[in-house]
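Only one chain comes next, encoded as structure tokens, the form predicted on its own.
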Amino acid sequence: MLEQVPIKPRSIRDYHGIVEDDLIDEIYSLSKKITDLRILHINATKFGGGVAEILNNYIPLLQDLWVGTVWQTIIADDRLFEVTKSFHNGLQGKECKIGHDEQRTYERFNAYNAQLLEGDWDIVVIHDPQPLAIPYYLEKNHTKWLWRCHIDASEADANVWAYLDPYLKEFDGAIFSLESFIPDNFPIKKRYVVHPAIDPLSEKNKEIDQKLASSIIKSHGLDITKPIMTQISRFDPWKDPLGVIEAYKLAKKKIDGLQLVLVGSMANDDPEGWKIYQKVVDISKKDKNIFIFTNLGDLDINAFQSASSLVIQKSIKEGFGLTVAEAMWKENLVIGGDTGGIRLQIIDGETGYLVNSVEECAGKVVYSLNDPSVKGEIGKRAKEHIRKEFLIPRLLRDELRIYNELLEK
């Protein structure tokens, strides 16, 4: 069978006082209608990246509501992930040529995982391209299939869509993070939009003492008396870590002692990550004020997001960018790429800053560090914006609505 991911128990009751009571009441009401449902979520990996992050926080709340929900991951290796990373890049607009060998690899792994799928499920939610073809290899029954696309596919390469089209037609519905991410002529007629969200009670996002946060940062070799700019995301060309380094180099000409921290999680479904990581290391090794870390613990991430002078997310394309919401929740100042889901979170000049170039990014870094009052004013508005729009109970409510609609049909 597919690998089942163990879940630590959580309770929706714990969010009273954080989100509105009306939201929690609606969640209870929606869940009562589907307590007999069996729901399965399938993705590529149980750690690293935003999908695993969301599922790890979301699944236990469904279970707390007595909705029979299970999270499983596919059985695969780098042969599949090399192919699906090219699909991922293609869906985000990069030219993608899919040869016979790539097709054969993708189809064999998906057919194999279809054979491993066990159980009688009312709804199966497939996340992103890696396991997309699984329902194609199964006999039709009462199961409703949803494809959850976490990628900005608005400018997807035509070759990718042409290849994935017959697999997409097996689905009953699709969920995107933004309306604008849905491409023209998308073959699934029933479409939903659900914005991602963070868990304010997780180890990564809970409130921690600033002295503790500073102590953790200091333990990693940084000088906490000097300014720190931090980007936390996968080592991925779309996250533009090389552009962040260039922005840092420009900014440090005007900010004495500026330090740059790049933290990346190395997901096992992203073999390209190690190549980008090595480029980052090679470019940075002569600068003692650039610090590069991989797979830090959640408390360490929390500390960097809480106590850095400011946080960067200079993405070129971004499905959502959970790290933006995480830092904003901690009342930090975030400078983000003017793209995709970052625009949902950062209202330019109100809850953070949006930038379109290395030079703009460096300029906002210098401006913000030269006027510390900016961070305090923006930080409070940023936290309230995340509280209202991008916390996990709201995501839970939105997806419960979808499950109820599918059940009624």
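Heads up: residue numbers just count along the shown sequence, starting at 1. Keep in mind it's a predicted model, so treat the numbers as computed, not measured.
Keep in mind that the form predicted together with uridine-5'-diphosphate (UDP) is not shown, yet the notes after this line are about it.
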259, 309, 113, 265: which sits within 4.5 Å of uridine-5'-diphosphate (UDP) in the predicted bound form by any heavy atom?
-> 265
Just one of 177, 86, 233, 73 has a heavy atom within 4.5 Å of uridine-5'-diphosphate (UDP) in the predicted bound form. Which one?
-> 233
Answer among 216 to 224, 154 to 162, 101 to 109, 321 to 329 for heavy atoms within 4.5 Å of uridine-5'-diphosphate (UDP) in the predicted bound form: the stretch 321 to 329
Wondering, does residue 126 line up within 4.5 Å of uridine-5'-diphosphate (UDP) in the predicted bound form on heavy atoms?
-> no
For residue 144, is any heavy atom within 4.5 Å of uridine-5'-diphosphate (UDP) in the predicted bound form, or not?
-> no
Are any of the heavy atoms in residue 314 no more than 4.5 Å from a heavy atom of uridine-5'-diphosphate (UDP) in the predicted bound form?
-> no
Is there a heavy atom of residue 203 no more than 4.5 Å from a heavy atom of uridine-5'-diphosphate (UDP) in the predicted bound form?
-> no
49, 53 and 301: each with a heavy atom within 4.5 Å of uridine-5'-diphosphate (UDP) in the predicted bound form?
-> yes
